[in-house]
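Single chain ahead, by itself, as structure tokens, in the form predicted on its own.
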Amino acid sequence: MCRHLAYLGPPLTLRELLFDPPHSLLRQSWAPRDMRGGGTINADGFGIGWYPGGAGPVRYRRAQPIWSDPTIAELAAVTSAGAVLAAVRSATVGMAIVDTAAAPFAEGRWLFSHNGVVRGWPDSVVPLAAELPVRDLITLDATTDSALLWALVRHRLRAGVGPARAVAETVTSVAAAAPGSRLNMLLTDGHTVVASAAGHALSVRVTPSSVLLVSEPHDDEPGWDEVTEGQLVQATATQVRQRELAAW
């Protein structure tokens, strides 16, 4: 499994968000609390996407453990953003470990991450992949389940489907094709974030001016709420909505 987060709110440095909390994403890369479904650490790459001002997202992705990259620690200390999506990766056995396999995946203003696994890969999702344009298949970022999930979500976004529905439809279609899959997804355009709780833990912390969605809480302080399995969250910095995945 992987670990990921999405933040919307007043600008924070990447260090404050990803490195400083006692159970930060950095710590979760080598000492996660909940690795249900397999794996022990998240050392097969990492990625961070953030929105500088009103511009589109900037990404930094590597195939190495986040703790072994001195550049990101220096960059995080001087980079601030009010919208961030970040992930640390635990690769499924047999899947590529390259920079481009690390989330977030991107197109335009969209950033996407997946925490989980598609069971029966790749045979279980061949019928779903066959519905995509051939060009999308031969230009996947990597030969991984997460990259294909992003292609399925992106295909719906390009067709004009709203972000919450695009994620919900992808989760339900893949769950039907590959039962037992873990399909926690994050999708953001820097203004809205959509998150699914489908097979793995998801927690949210809401303040009057911010929202933080995470695989694991960053500390033991009050204010965290666990998202119920089978729910989809749609949030801005000031408003959070939850509904069952099937209801979107």
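Start at 1 and count along the sequence shown; that's the residue number. Every value quoted in this text rests on a predicted model; they were computed, and no experiment measured them.
Keep in mind that the form predicted in complex with ligand GLN is not shown, yet the notes after this line are about it.
- Scanning L148, V117, A83, I72 against ligand GLN in the predicted complex with a 4.5 Å heavy atom cut-off leaves one residue, V117.
- Shown alone here, T92 lies within 4.5 Å of ligand GLN in the predicted complex, counting heavy atoms only.
- Although the partner is absent here, C2 lies within 4.5 Å of ligand GLN in the predicted complex, judged by heavy atoms.
- Residues within 4.5 angstroms of ligand GLN in the predicted complex, judged by any non-hydrogen atom, belong to 83 to 91 and to none of the other stretches in 126 to 134, 151 to 159, 171 to 179, 83 to 91.
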